[in-house]
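This document opens with one chain alone, in structure tokens, the form predicted alone.
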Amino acid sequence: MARKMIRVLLVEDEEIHRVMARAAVKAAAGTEDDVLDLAENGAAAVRRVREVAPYDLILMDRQMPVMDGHEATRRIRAMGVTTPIVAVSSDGLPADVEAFIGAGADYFTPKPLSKEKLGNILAKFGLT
């Protein structure tokens, strides 16, 4: 049975991590039918979540200009959005992970995002 198309919002300000995430989504999903939308900072992410059709998954960086990932996560949750938010950050100290989870993230994975990590994330949230 074919897997349903998924919509992913990647919130990341660094081009190299956007390129790697695009490749990971394509490799993990095994199809080009999935939609990967990009937001370059937390404020843009909040705007996209408000204005675009619902996402199945949000991948959120922490350190970004304009609005960081913690604040964006809090604002998205304050809008009543229940979409899984996965923190993807190089800041993996326990205090950083706890801060993201406290802001409303469902899960944390360290950068870089790989096919294997994304495959595990998709499975964890029933998106495979």
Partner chain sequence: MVFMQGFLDEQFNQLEELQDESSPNFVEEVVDLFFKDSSRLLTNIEQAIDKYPQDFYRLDSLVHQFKGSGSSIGALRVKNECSVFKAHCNDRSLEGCRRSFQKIKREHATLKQKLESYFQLLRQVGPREYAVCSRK
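Worth saying up front: this structure is predicted, and the values here are computed from it rather than measured. Positions refer to the first chain, counted from 1.
Missing here is the form predicted together with its partner chain; even so, the following discussion is about that form.
**Q** Pick from 84 to 92, 69 to 77, 36 to 44, 51 to 59: which stretch has non-hydrogen atoms within 4.5 Å of its partner chain in the predicted complex?
**A** Result of the contact check: 84 to 92.
**Q** Looking at the partner-bound form in the predicted complex, is residue 24 within 4.5 Å of its partner chain by any heavy atom?
**A** Yes, contact at 4.5 Å.
**Q** Spell out, yes or no, whether the shortest heavy atom distance between residue 14 and its partner chain in the predicted complex is within 4.5 Å.
**A** Yes, residue 14 sits close enough to its partner chain in the predicted complex that at least one of its heavy atoms falls within 4.5 Å.
**Q** Would you classify residue 114 as touching its partner chain in the predicted complex, given a 4.5 Å non-hydrogen atom cut-off?
**A** Residue-level check for residue 114: yes, a contact with its partner chain.
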